[in-house]
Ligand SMILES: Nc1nc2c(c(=O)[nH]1)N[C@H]1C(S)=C(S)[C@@H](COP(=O)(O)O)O[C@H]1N2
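Just one chain is shown here, as structure tokens, and it is the form predicted on its own.
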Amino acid sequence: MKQETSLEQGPDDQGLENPNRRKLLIGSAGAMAAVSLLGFTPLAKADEPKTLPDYAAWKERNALIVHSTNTMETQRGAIGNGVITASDRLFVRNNLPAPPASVTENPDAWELHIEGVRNPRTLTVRELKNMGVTTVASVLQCSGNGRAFFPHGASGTQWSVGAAGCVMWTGVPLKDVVEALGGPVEGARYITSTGGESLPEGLDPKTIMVERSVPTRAMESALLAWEMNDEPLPHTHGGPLRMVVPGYYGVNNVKYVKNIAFTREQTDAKIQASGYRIRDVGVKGAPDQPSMWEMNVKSWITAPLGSGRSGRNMIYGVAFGGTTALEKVEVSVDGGKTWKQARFLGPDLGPYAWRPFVLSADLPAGQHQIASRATDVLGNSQPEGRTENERGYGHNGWSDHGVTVTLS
């Protein structure tokens, strides 16, 4: 199978390339590990809390694996077959404790400062709502989704497949707001968004703040969202206002956004300068390494899981292409020896949404290794293995994401 590698440029990236160009390692045969963890799905820890923290108490507890107060993963079997992920099943990942829930009591009063434009201004959500509106379906996925499959024990939450979901975001296109403010200043190459979390005193803000820079090409699809799945954006997921960059990893979708700046350079905040960078195992993060920006093509099986009955089986899963639409999804029931093309389910909600898929297969009694492999319209296909990296980022290898099912 053809493997392709595409590296993002470093901090001098002008952001002028084809927006569909991959900025992550999609998969290199020379960099892939031969070890396959096919069917490995981490189980909930025995000491996992039975209740959810207050700020996420409205979630469906039985659908989640609680890794910590700030990290909750959707169970593989709870992802379902729908295009849109139910809000109460959507995973939770916060880099910092959320601000007080009171910030959503009067969401229209929340203020956003925009600079690096010809007419800098502070706008309330109420004012933003009068500047335009759109709704976009987009996959929200943590950079470390799939980290649990890395054998070197990458630090961070041990996500399997559930640090992802497909969400309907409603808000104003960032492009409309920027145009109303006279456009970006000359020389701006990045959009830098800052979250509104409260920072502990006595620490250098740059070491802990959530502040992310993405190339200005992202402005074509970015929006400032105040609704999620047709309801006011909940405090748990960044309400009252969130920067949403469709097709980009979740860390770039800054919650509680308070400031947006058009800048010539990327922010020097730690989360950007050395965090969320693709680097070899054992290497420290640095600004010249690829940043976790556009997502790569990916899919995984959601059913059947564990065991079942022989005979006709409906094999389900989800697939997406990041910033690029999908061409097809193939399914193997023999560990990748042979493949059959699956059928997409439900409506196509655009290039940033995921596509549920299904394949009908007659399976005899015994053990079956079931995997899926997605291909986008540019011909990028999931590799078999993973690209080893220090933090376990960007994993889209089909083998690790497969399942082993025993039928009787």
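As the structure is a prediction and not an experimental result, all values here were calculated from the model. Note that residue numbering follows the sequence shown and begins at 1.
Here the subject shifts to the form predicted together with the ligand, a form of this protein not shown in this document.
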query = 179-187, 236-244, 327-335, 77-85: which one contacts the ligand in the predicted bound form at 4.5 Å, heavy atom to heavy atom?
reply = 236-244
message = Would you classify residue 320 as touching the ligand in the predicted bound form, given a 4.5 Å non-hydrogen atom cut-off?
response = no
inquiry  = Using a 4.5 angstroms cut-off on non-hydrogen atoms, would residue 191 count as touching the ligand in the predicted bound form?
reply    = no
ask   = Is residue 158 close enough to touch the ligand in the predicted bound form, meaning at least one heavy atom pair within 4.5 Å?
value = no
query = Does the ligand get within 4.5 angstroms of any non-hydrogen atom of residue 91 in the predicted bound form?
reply = yes
note = in the predicted bound form, the residue from 290, 215, 304, 250 with a non-hydrogen atom within 4.5 Å of the ligand is 250
ask   = Which pick from 262, 276, 150, 226 sits with a heavy atom within 4.5 Å of the ligand in the predicted bound form?
value = 276
inquiry  = Just to make sure I understand: among 106-143, which residues lie within 4.5 Å of the ligand in the predicted bound form, judging by heavy atoms?
reply    = 140, 142
